[in-house]
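Two forms, one chain: they're shown below as structure tokens, one block per form, named structure 1 and structure 2.
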Structure 1
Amino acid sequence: MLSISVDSVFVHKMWNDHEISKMIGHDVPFMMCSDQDGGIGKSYGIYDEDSGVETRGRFIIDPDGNVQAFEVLTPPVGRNVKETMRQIQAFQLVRASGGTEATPAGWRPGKQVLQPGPELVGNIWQVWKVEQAFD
């Protein structure tokens, strides 16, 4: 996992040392990279030329370089790192199973998975209860 922004590495260090580390009790547990010219943000469509900043975007990219998921949020809305981690774990499980398992809404490690196939179509309600997605 890594973080990329148009901020310099010096701004990242200040943010880590004087903000986030005080909130979470330790340093940021992933690499923070600087995209000062916005090149990476432009390639993902989140760089705002007028303001010179990148919109907050989260991209889950598989080992083959394919974007499996993305989320773009405006600055006033915070992100959920636990949800990002849950999704990464779900993508890893599906990939490791070769597509023989799927993770339903709200799935978490250790919880029930689904076996996709024609017999599941129209029958998900029989094997997956909505309340499991919210427990």
Structure 2
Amino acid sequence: MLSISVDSVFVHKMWNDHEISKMIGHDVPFMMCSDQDGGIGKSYGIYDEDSGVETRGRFIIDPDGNVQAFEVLTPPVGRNVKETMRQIQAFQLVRASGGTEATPAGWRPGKQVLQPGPELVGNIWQVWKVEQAFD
């Protein structure tokens, strides 16, 4: 986990010391990176030139260094940490299966996975129900 904003590392320290550590009872457990000229944000396509800050861009990067997922929100809406965790678990399952398994909509650990193949084409309706996306 890496967090990153255009704030200096000094501001990160103040935020950790005076607010976040009081919220969680200890120091922020991950590195808080500083991208003061927005260069990193620009390379990820989430830097907002108009306000000079980075939008809420969240990237899941696999052990090979490839981007598996991203989500970008405007500043006033916070993220869903559980959804990020769910996606990581799904990508890890797919990776562990060597690409033989896929996680259908609404999947979370323990729920049904699918084995894509010729027999499954046109037959999802027999093995997977729409309700599973919502339960």
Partner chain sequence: MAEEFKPGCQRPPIVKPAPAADVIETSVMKEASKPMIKVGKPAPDFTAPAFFKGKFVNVSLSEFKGKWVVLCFYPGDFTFV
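Numbers follow structure 1, counted from its first residue as 1. Take the two forms, find the largest set of C-alpha atoms that superpose within 1.5 Å, and that set is the rigid core. Not measured: the values here are computed from a predicted model.
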Check: Of structures 1 and 2, which is the form predicted in complex with its partner chain?
Finding: 2
Item checked: Core fit, then residue 114 C-alpha moves 2 Å or more between structure 1 and structure 2 -> no
Next item on the list: Quick one: how many Å does the C-alpha of residue 9 shift between structure 1 and structure 2 once the rigid core is superposed?
Entry: 3.8
